[in-house]
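There is one chain below, alone, in structure tokens, taken in the form predicted on its own.
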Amino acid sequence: MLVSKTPCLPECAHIAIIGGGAAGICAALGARAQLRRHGIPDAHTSICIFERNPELGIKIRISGGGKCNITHAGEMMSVLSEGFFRQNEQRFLKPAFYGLTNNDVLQWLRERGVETYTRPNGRVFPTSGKALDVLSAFKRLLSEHEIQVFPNVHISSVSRPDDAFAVAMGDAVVKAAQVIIATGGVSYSKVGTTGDGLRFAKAFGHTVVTPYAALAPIYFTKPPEAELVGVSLRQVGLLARASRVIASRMDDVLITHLGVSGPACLSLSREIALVCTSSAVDLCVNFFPKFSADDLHAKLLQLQQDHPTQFVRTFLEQQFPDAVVPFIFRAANVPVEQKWNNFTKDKRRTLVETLKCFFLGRVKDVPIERGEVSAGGVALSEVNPKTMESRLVANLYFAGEVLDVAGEVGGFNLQAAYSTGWVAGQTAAGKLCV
């Protein structure tokens, strides 16, 4: 990897990659691998990454709370179906997911000293717990593949006045035979994802689906009670309700000073962001998602029979953080000092109803600037899924979050970036081999 801290920009490049995140890095690796496969010496072709940040892979570095959820384990079709609920996303990503798999990426890392482990939920992390180890391995890969990297470069426009593209950055213009746009979406803008790639796509006539939040925290109109802030609820159901339940997820939930976060919230945020601008949305918790209401009622009745002199709260305190229990009783209109021996059928019913749908708050906002990714982007119908090439403009490619694709929490979005980037790079380089 040839890095210029104070960019001395080239006059031209065979392949210009705009964006040095997961998609851009894998695009460069895919391109060089394709050229080498055809016996073309590295010195004969220039592959350049232009990155607006001082360093590559900022979102890799901060992903997973700095631990880096590298990818998701499993056969690629199951990764697709588990991580991407929309059929059009699954169809679009399928060719790329088989072009570069999760195992391919993990093998790269292992060969460069990064061991990984898989959690029971399928999420793959570096054993060291350090995202920097993953990023360092990718940088070594770029170095091994003779990729030129130009940090601190802000691309102002991309055009094609003739057979070559003109990539403008300040007063300089780099001519490029092929351009891969891997700039990301608009989430977490402080790391540089400010929508430049969407602007470039529009300039070439592409349809851009308006971006909205995904994998984001959710803010309430009224902040949670102070006693609940910081409480983590493990493996509960999180329900989004308008006039009905519009979506639900089962995972952990973290109550924050503004609303909620945690895996279940992040996973649910995309559906809520689509609805909350036009409808009031309430978030509720199902404390026993694996029990039906009837089964839970039967369980409470059995406890009443087995432990008549015990406080009802003892059972709940064994299941959930102590801080949340008084709020459950308040919502159910049941005294905290209630014992089983005089627990009426009506009280059991209201407690069951509360445990199955405990109101957390009304949604005020799903802040796109706080999201790990954004949904929306370049319309998938205008990009060839087998090549990542624009259907409107020859030799122009899109990869990663700039596309209208957003997966679930759990390493799926990084895998989509790796795979689409790899395919774009392979295709672009393949045209140079003809």
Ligand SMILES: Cc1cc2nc3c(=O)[nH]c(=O)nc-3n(C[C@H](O)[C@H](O)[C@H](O)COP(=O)(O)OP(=O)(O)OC[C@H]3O[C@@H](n4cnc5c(N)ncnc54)[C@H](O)[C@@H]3O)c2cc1C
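Values in this document were obtained by computation on a predicted structure and should not be read as measured data. One rule holds for the numbers: they count along the sequence shown, beginning at 1.
Although it is not shown, the form predicted in complex with the ligand is what the next lines describe.
Chemist: Please check if Asn413 has a heavy atom lying within 4.5 Å of any heavy atom of the ligand in the predicted complex.
Modeler: Asn413: contacts the ligand in the predicted complex.
Chemist: Determine whether any heavy atom of Thr45 comes within 4.5 Å of a heavy atom of the ligand in the predicted complex, and answer yes or no.
Modeler: Judged by the heavy-atom cut-off of 4.5 Å, Thr45 is well away from the ligand in the predicted complex.
Chemist: How about Glu372: is it within 4.5 Å of the ligand in the predicted complex, going by heavy atoms?
Modeler: Flag for Glu372 set to yes.
Chemist: Check whether Ile40 has any heavy atom within 4.5 Å of a heavy atom of the ligand in the predicted complex, and answer yes or no.
Modeler: No - in the predicted complex, heavy atoms of Ile40 and the ligand never come within 4.5 Å of each other.
Chemist: So which of 353-361, 177-185, 206-214, 221-229 is the stretch with heavy atoms within 4.5 Å of the ligand in the predicted complex?
Modeler: Contact-bearing stretch, as computed: 177-185.
Chemist: With the ligand left out of view, choose which of Gln34, Asn53, Asn384, Asn395 has a non-hydrogen atom within 4.5 angstroms of it in the predicted complex.
Modeler: Selected residue: Asn53.
Chemist: Which residues within 36-75 place at least one heavy atom within 4.5 Å of the ligand in the predicted complex?
Modeler: Contacting residues: Phe50, Glu51, Arg52, Asn53, Ile58, Lys59, Ile62, Ser63, Gly64, Cys68, Asn69.
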